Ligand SMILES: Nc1ncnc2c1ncn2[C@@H]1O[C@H](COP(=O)(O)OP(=O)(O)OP(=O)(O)O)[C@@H](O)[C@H]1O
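Below, in structure tokens: the form predicted on its own, a single chain.
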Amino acid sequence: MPVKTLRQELRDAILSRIAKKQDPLEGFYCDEMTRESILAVLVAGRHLLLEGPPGIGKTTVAKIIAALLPPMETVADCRYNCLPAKPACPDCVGKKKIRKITVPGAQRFIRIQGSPEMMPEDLMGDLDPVLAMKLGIQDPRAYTPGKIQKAHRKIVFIDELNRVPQRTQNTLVQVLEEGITTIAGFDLDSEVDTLVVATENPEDYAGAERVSETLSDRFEQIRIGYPAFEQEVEILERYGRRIEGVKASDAVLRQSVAITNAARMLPDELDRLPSVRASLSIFEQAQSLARLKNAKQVTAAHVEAAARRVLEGRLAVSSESRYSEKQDALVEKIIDAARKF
């Protein structure tokens, strides 16, 4: 029986859940059209590029996608995740005995954090000088695989792809197009059965560049916006930390979300709008303030005090705003607007 590729495994897992009336992306909050678009790309076996501001769940959805995968069998101590029935990498070739291990589906996930300092070698690996001296410079076992080779039969999540220099971005083209990487200097191709989920921030964010045309053509791009009000309340209910010894009502959840939503209604005043993380921080710090004051119940005053602290550190007031020199007044305006939600 032929072994399924990662994309086939993912497609089967998604369709199986849908047949059972289950949401394959349960735990990720977005509008129905965005959800459908993401699932359509994955079922088609295409690489996915998610665009949107920080803090809207792009990392969360990548982990949810990886968790859909079934467990996989691989060769123990193999840096390339070889199939036990078909070991083919420099680590496995020539081994007399193959020992198998099972990797849970949720661990079939490699995260790469994009940065302007990332070099091609960080993704594709490089020669290890110590191993080269021990094994010889021509021995492929002296090559240390990069994160891409280690992602064979796993989901690759590249966060903030458009912070990666274009020269490094373009080293991914061979992987996305052909499913292999060439181990430099050894004339050896390494299979990489993977699916890439990448994110990019809008271009007006600091450090953001364009994803090169060569690379972007290999992705299906989907834009993700902020969740709806009720969805954001659910996010706080689900992911927000609860402080022991203090009670936070549904009204506290809704007030925390109302404040960040009020700020998002002022795009002309702000260069950057507060994310869901701001709502979570307000909710959690309101509980902390109540606990510090020995209050058993979080009040609206605790939420507003927490919001002043959170927004002061997170808001980026536009230089053209009339509040550019009066951030405190803008915060008060936001809090006052939230009272009317």
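These numbers were taken from a predicted model, which means no experiment stands behind them. All residue numbers are counted from 1 along the displayed sequence.
Another form, the form predicted together with the ligand, is not on view; read the next lines as being about it.
task: Look at the stretches 293-301, 309-317, 36-44, 271-279 and give the one with heavy atoms within 4.5 Å of the ligand in the model of the complex.
output: This holds for exactly one stretch, 271-279.
message: Within 4.5 Å, heavy atoms only: does F229 come near the ligand in the model of the complex?
response: Judged by the heavy-atom cut-off of 4.5 Å, F229 is well away from the ligand in the model of the complex.
Notebook entry, point to check: Is L69 close to the ligand in the model of the complex, meaning a heavy atom pair under 4.5 Å apart or at it?
Noted result: It does not: once the ligand is placed as it appears in the model of the complex, L69 has no heavy atom within 4.5 Å of it.
- Message: How about I235 - does it come within 4.5 Å of the ligand in the model of the complex, if we only consider non-hydrogen atoms?
- Response: Yes.
- Query: Is the gap between Q285 and the ligand in the model of the complex 4.5 Å or less for some heavy atom pair?
  - Reply: Taking the distances in the model of the complex, the answer for Q285 is no, it never comes within 4.5 Å of the ligand.
*asked:* For the ligand, considered in the model of the complex: do all three of P90, R153 and E191 come within 4.5 Å of it, counting heavy atoms only?
replied: Spot residues vs the ligand: no contact at all.
Using a 4.5 Å heavy atom cutoff, which residues in 22-44 contact the ligand in the model of the complex? It's fine if the answer is none. Residues within 4.5 Å: G27, F28, Y29.
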